[in-house]
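Quick heads-up: it's one chain on its own, the form predicted alone, in structure tokens.
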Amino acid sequence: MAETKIAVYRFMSAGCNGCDVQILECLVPRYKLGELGIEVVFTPEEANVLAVTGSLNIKGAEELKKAYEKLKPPRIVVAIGNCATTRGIFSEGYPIVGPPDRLIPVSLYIPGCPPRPQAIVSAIAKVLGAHLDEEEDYWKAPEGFRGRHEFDVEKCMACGACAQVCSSDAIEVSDSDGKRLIRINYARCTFCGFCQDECPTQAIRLTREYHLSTDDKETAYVTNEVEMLRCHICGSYYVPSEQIKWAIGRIMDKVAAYRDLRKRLEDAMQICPTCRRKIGNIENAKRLLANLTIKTRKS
């Protein structure tokens, strides 16, 4: 494409303006949009690429459709930021009808909250088939930057603490076929770092990777899978086995007096909540608690 003109769609689109600020930053000469033959224009009639930010509200829906129809071929639409990709933190807003791909075809998604200008420029160059030199230092993410997530599979016990503290509902926990899946949707994530900070085993880390663009937003996930433990009585899967090991280890480290009862603790924790409520198991649990209490008093 010898000449590319991009129109930016923003009004009535439901967002925080963070992505708009990053788009303005893209116009700085050092990002070389001009050298790639790219020009930003203000009306869709002049453009062949439409950059969309925000999750889109009721009033903006028809305007977006009209803007798309006015585009010149090949009518490339780029959804910039998580609100334009998945609706992000605005998902439950009553006037929200987006994301934009519910109304018009989207060619490229650039996740981020907001994405760096470097990510936007690089992604647009890629979709246009243009070469972009990224050797300069400003293309590198700074120390402490929070980008795509990474699991340490040796440490993750799939306890779900990350999902519980996630402020943007970007982390899903699901159990199936004897395994627990932790799935992080980084097209919803605000990259706050709570999951990293609260993980009890330091199994999750936010890397400095910020090139997250994709033509299929269903691939914008980082996942980890952990084996589940079967109940010794009914055979149902009910808890990640690594979580039980971690809990027992913590107990032994904190209370040395309990070490003699390790085997009994392990046996008790391998019974699901439903089976624990049976009379015989309640009696056994009371005996175990009594023994633990005696051990504590003696120590």
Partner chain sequence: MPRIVCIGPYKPQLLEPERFQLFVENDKIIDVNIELGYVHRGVEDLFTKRTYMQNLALAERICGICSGVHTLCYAQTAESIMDVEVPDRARYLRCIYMELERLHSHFLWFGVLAHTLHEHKVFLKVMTERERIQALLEYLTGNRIHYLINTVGGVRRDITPKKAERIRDVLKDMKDLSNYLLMLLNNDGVFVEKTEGVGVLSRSIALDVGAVGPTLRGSGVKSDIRRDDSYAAYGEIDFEITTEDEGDVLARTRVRARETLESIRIIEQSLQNLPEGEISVKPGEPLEKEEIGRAEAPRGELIYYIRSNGTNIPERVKIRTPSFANVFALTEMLRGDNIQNARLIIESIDPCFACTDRITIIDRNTGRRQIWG
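Numbering follows the first chain given and starts at 1. Since the model is a prediction, treat every value here as computed from it, not as a measurement.
Same protein, other form: the form predicted in complex with its partner chain, not shown, and the subject of what follows.
- With the partner omitted here, the stretch from 160 to 168, 221 to 229, 73 to 81, 127 to 135 that lies within 4.5 Å of its partner chain by heavy atoms in the predicted complex is 160 to 168.
- None of Asp216, Glu154, Asp177, Glu143 but one reaches within 4.5 angstroms of its partner chain in the predicted complex through a heavy atom, and that residue is Glu143.
- Just one of Arg30, Lys65, Lys245, Arg259 comes within 4.5 Å of its partner chain in the predicted complex, counting any heavy atom, and that one is Arg30.
- When contacts are judged by a 4.5 Å heavy atom cut-off, Val121 does not count as touching its partner chain in the predicted complex.
- In the predicted complex, none of the heavy atoms of Asn291 sits within 4.5 Å of a heavy atom of its partner chain.
- Its partner chain is not shown here, and in the predicted complex it never comes within 4.5 Å of any heavy atom of His149.
- Mapping the unseen interface onto this chain, Cys275 falls outside it, with no heavy atom inside 4.5 Å of its partner chain in the predicted complex.
- Site residues Thr43, Phe90 and Cys113 are all in contact with its partner chain in the predicted complex, judged by any heavy atom within 4.5 Å.
- Although its partner chain is not shown here, in the predicted complex the stretch 16 to 32 places heavy atoms of Cys16, Asn17, Gly18, Asp20, Val21, Gln22, Leu24, Glu25, Leu27, Val28, Pro29, Arg30, Tyr31 within 4.5 Å of it, in sequence order.
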